[in-house]
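Encoded as structure tokens, the following chain is the form predicted alone, with no partner shown.
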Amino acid sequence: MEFDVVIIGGGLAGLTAGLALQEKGKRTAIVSAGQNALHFSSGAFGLLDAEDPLQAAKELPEHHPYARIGAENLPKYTEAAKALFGKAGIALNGEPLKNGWRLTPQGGLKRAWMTLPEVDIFPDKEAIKGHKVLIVNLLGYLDFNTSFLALGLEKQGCSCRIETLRLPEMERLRENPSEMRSVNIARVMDSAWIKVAAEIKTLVKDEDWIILPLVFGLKDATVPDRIREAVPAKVLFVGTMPPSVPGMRTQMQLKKAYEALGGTFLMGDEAISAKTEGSRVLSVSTRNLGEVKAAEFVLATGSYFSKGIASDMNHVFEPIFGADVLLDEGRSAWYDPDFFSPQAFLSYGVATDGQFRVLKDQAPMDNLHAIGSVLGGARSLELGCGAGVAILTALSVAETI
């Protein structure tokens, strides 16, 4: 098999790059091993956890991906991101270069760059104070902690009441506790949401907010808005323990849009090795298809969770190409004994030049780029920029190619 571009990794970064490249007329393939960080998504995308993200981006060190893109280019790429997602049927909330606030499952607020349609974004922290809140859960669903949520909201001046719905449609799932997971519930809710909305209407007293777990709209993205229209109060959907219903739907929507543009999505396959000649990659070998050739390759394999970066007791390495890894020398510098401190190893990843070309033996590979959380120096958890790095580096590399 041969393509213009082969993208290794089918998460947020890989799908964004694939969509952008297909739009520009490239013939691409995405090799996707399966589960990725979108399956853990809160429904919100972070650009940078800062009051002024654009100004904060200008002050980042040179190895951070935003510094490689150039802060002056962030407005262009954020607008392009919103347009690209819109074409895939995902209308993002929020202003592209201004942070808002989203409600967390602990009843607090966290900065958000843009959110999926069912996740509300607030202009400031004051917007959450003083509300009367009805928190509604489904009987037997343990991945949505209503007590934590109520406690967090009450600390911010809200008054909360908790109710539980018992629906006949859920009885079969409750027979086995492992079935009471968000995705299984969401499959039922695509058809049972009308009954949910009717039951909620009988529970409402004088509350002006109703909070529901985000287990609606797996296949039908209109369900959350239909519930909002049917209930006589403001309905907020709050994320739960993974797997993430909005994250999985987002991946399905992006994949569908990618394939509609002619892209080839190799689901359940895995790149295991590469053939190189000098500074060029000639092909990658996948577990299912063997050798796949291309003129350009994009590494979007993620970090430790998805095995884009691997480690043993003495090494941190990139397993497919043997790329250089940006890391601290000496194992003692990899971590802080204080569990709650920023951990250095979480920022380790592939080293690149200014165009995100992967470095190997300190020299750039001509036709191999890296995007997303496989990149070194992003400090995504610490800086709150994981999704932003994934989307914006993907668009930057797509433009370069």
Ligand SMILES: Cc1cc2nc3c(=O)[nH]c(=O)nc-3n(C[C@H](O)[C@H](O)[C@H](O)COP(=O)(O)OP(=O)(O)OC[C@H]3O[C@@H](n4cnc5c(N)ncnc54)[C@H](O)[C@@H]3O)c2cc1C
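Just so it is clear, the model here is predicted, and its values are computed rather than measured. Numbering starts at 1 and runs along the sequence shown.
Only in words, not in the display: the form predicted together with this ligand, which the text now covers.
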Thinking of G14, A271 and S373 as one candidate spot, does this ligand come within 4.5 Å of a heavy atom in every one of them in the model of the complex?
-> yes
Taking the partner as it appears in the model of the complex, which of 32-40, 49-57, 335-343, 355-363 has residues with heavy atoms within 4.5 Å of this ligand?
-> 32-40
The unique member of F148, F305, F122, F317 whose heavy atoms fall within 4.5 Å of this ligand in the model of the complex | F305
Does G386 make contact with this ligand in the model of the complex, using a 4.5 Å heavy atom cut-off?
-> yes
Can any non-hydrogen atom of I8 be found within 4.5 angstroms of this ligand in the model of the complex?
-> yes
Indicate whether A390 is a 4.5 Å heavy atom neighbour of this ligand in the model of the complex.
-> yes
Is there a non-hydrogen atom of A44 within 4.5 angstroms of a non-hydrogen atom of this ligand in the model of the complex?
-> yes
